[in-house]
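A lone chain, given as structure tokens: the form predicted alone.
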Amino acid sequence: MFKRKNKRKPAATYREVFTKGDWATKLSFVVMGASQLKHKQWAKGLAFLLIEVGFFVWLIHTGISELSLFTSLGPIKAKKVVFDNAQGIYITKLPSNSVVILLFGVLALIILAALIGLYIFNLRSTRNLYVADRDHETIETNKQELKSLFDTRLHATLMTIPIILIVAFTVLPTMYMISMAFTNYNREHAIAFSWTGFQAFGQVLSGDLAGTFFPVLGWTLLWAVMATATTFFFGVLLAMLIESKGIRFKGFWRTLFIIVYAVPQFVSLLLMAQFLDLQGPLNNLLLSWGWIDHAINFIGASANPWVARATVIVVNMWIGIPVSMLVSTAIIQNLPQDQIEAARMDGAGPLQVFRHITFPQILFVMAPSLIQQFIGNINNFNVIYLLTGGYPMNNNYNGAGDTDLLVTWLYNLTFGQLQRYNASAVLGILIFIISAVFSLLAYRRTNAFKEG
């Protein structure tokens, strides 16, 4: 076997590069691209130089102003009338638009971080050129540099646009939302607001919203566990039932359940909401058959909280079981039949075969998928919002109902009457922390990770 040679690292510190390098090398510590231009790497050198010039033009015209306003989110917090000595009249000064100031402040920080990263890349490139000069090595020409962008470094070229889009549509909104959690942005401060530190976190964890947060968190975790476990367990059982030797027309039964999965989720949920209504078909059928004396309020505003929660879990099974069935079917069809036959010859019954052979192998393959489903159920907005709308309402909660999850409560705090945007941002951060911590801990314990 041949050992892979490690790429030689430049044997030079930045101090050596600056003190012993030529004028272009020294200038590169201030003017990006100088060393590259001196070595006729025109494309890279001009790119570094133009980006630096553009950065300082932006910094002088708007960057310094945006960064200074970001520290206070605007000097004027309320509308006021002042006397203008120059005009000799009273004028009205409107409050600063803190929403826009916060957005452009976050964007300015991202641009500043990007320039720092590019500057570090410029220094590394300068060091490589210095080492190549010192050791009398061949330096890539401008043509070779450009050719490598579509050959050996094609991956970097292809990743440029995706990275820009990720920064624009993921990093920027995320940082904006996180920043909002440290302000007093709410209905009373909808235009101009200020930094308040961890005050919003205190409101959610120990203040007026704590009495809602912890019960809703408990129900969210219970819902996520039950929704994931029920769809997985019954999906596996359904797949095993269809794959049994005595079952005929297996393709028909699979297709029947796939149709349920193929129907758009919002259509199924809205239909189920009508079906389970107090005046809906289910209650009418049960009343006509004489099975109940009065209509059951499954998901209405005055329903029993646990009846509504159980109904949501059952309806979610209807939607989620076909997915688990499809995955489990594929696994079952590829199970080693010699192990199963050997176990049966040794006297193992169907339950023992399932417990010691079938289920462990299904779980081994589906464990990462189950973690993903669990996180998805924590953030399962559609099932709750379209089926119950959070009902029944709870008078002890602040803007939430008994079936609301953290994500639907976040929606209510943002678009409902409360309009507590800072608290909504805190909930978003806490949901992310809960999901990330569980994902990391659970995935590291799976056999798929340990044996990967």
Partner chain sequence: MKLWKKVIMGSASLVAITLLAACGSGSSSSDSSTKSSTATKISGDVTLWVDTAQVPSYKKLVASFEKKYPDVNVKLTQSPNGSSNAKTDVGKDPAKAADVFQVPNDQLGQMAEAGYINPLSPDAEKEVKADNIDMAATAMTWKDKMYGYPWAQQANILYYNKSKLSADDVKSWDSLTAKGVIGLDFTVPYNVYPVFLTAGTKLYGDDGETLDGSTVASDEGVAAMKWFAQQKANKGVMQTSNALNQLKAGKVGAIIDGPWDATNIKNLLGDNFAVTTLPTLTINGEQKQMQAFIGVMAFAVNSHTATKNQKAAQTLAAWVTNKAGQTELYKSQGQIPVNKEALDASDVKADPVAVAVDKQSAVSTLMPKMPQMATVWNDAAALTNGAYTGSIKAADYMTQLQKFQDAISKK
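Numbering follows the first chain given and starts at 1. Rigid core here is just the name for the largest C-alpha set that superposes within 1.5 Å across the two forms. Treat the numbers as computed from the prediction; the structure is a model and nothing was measured.
Here the subject shifts to the form predicted together with the partner chain, a form of this protein not shown in this document.
Although the partner is absent here, residue 390 sits far enough away that none of its heavy atoms falls within 4.5 Å of the partner chain in the predicted bound form. When contacts are judged by a 4.5 Å heavy atom cut-off, residue 90 counts as touching the partner chain in the predicted bound form. Under a 4.5 angstroms non-hydrogen atom cutoff, the partner chain in the predicted bound form lacks residue 45 among its neighbouring residues. Using a 4.5 angstroms limit between non-hydrogen atoms, residue 345 is distant from the partner chain in the predicted bound form. With the partner removed from view, the residue among 118, 111, 221, 278 that has a non-hydrogen atom within 4.5 Å of the partner chain in the predicted bound form turns out to be 278.
The partner is absent here, but in the predicted bound form a heavy atom of 94, alone among 292, 210, 94, 139, sits within 4.5 Å of the partner chain.
Relative to the partner chain in the predicted bound form, residues 79, 394 and 398 are all within 4.5 Å by at least one heavy atom. In short, of 130-138, 294-302, 222-230, 352-360 it is 294-302 that has heavy atoms within 4.5 Å of the partner chain in the predicted bound form.
Once both forms are overlaid on the rigid core, the distance between the two CA positions of residue 156 between this form and the one not shown is under 2 angstroms. Positional change of residue 93 between this form and the one not shown reaches 2 Å or more at the C-alpha, relative to the superposed core. The pair residue 75 and residue 86 is looser in the predicted bound form: their Cα-Cα distance rises by no less than 3 Å compared with this form. Note: the CA-CA distance for residue 75 and residue 90 expands in the predicted bound form relative to this form, by 3 angstroms or more.
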